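Only one chain is shown below, in structure tokens, and it's the form predicted on its own.
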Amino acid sequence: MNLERVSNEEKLGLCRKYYLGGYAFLPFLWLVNVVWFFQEAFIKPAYTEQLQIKAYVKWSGLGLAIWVAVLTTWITIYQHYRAQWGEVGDYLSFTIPLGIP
């Protein structure tokens, strides 16, 4: 979709949908929202809906950063302590890693 061909009201609606969709454990939508609407929010000349788009882009970026931090922390903890957790660590995994921990 080319944002140049879409009205400002439609841009705001689309930005809002991606922002709200990120709360459904779909942080990829927040990434798309930040990348796609960054120029509209911070670089383009001011227009009526820009303040709301800017807020959605900022909150999407913050949500994405928190999600990445939490996921990275969990992956690090799991990889470090999986062997010590024994069966519980194996049950948390989709595949049981083979080899010496």
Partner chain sequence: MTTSDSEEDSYDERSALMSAETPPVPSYQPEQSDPDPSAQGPVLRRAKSSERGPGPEAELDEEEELTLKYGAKHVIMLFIPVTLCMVVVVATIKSIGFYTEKTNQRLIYTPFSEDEVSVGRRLLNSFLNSIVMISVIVVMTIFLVMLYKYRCYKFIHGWLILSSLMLLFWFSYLYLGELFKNYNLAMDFPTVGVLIWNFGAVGMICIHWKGPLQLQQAYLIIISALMALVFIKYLPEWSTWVILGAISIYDLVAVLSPKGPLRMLVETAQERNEPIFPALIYSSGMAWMVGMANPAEERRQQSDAEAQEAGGSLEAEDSPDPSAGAQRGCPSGEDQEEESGVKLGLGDFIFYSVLVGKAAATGGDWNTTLACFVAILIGLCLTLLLLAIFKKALPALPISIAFGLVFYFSTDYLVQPFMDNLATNQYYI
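For clarity, every value in this text was computed on a predicted model and none was experimentally measured. Numbering follows the first chain given and starts at 1.
The same protein also has a form predicted together with the partner chain, omitted here; what follows describes it.
In the model of the complex, Tyr19 stays away from the partner chain, with no heavy atom inside 4.5 Å. Contact between Gln84 and the partner chain in the model of the complex is not found at the 4.5 Å heavy atom cutoff. With a 4.5 Å cutoff on heavy atoms, Pro27 counts as touching the partner chain in the model of the complex. Although the partner is absent here, Phe38 sits far enough away that none of its heavy atoms falls within 4.5 Å of the partner chain in the model of the complex. For the partner-free chain shown, Trp67, Leu71, Trp74, Ile75, Tyr78, Gln79, Arg82 of 47 to 83 come within 4.5 angstroms of the partner chain in the model of the complex, judged by any non-hydrogen atom.
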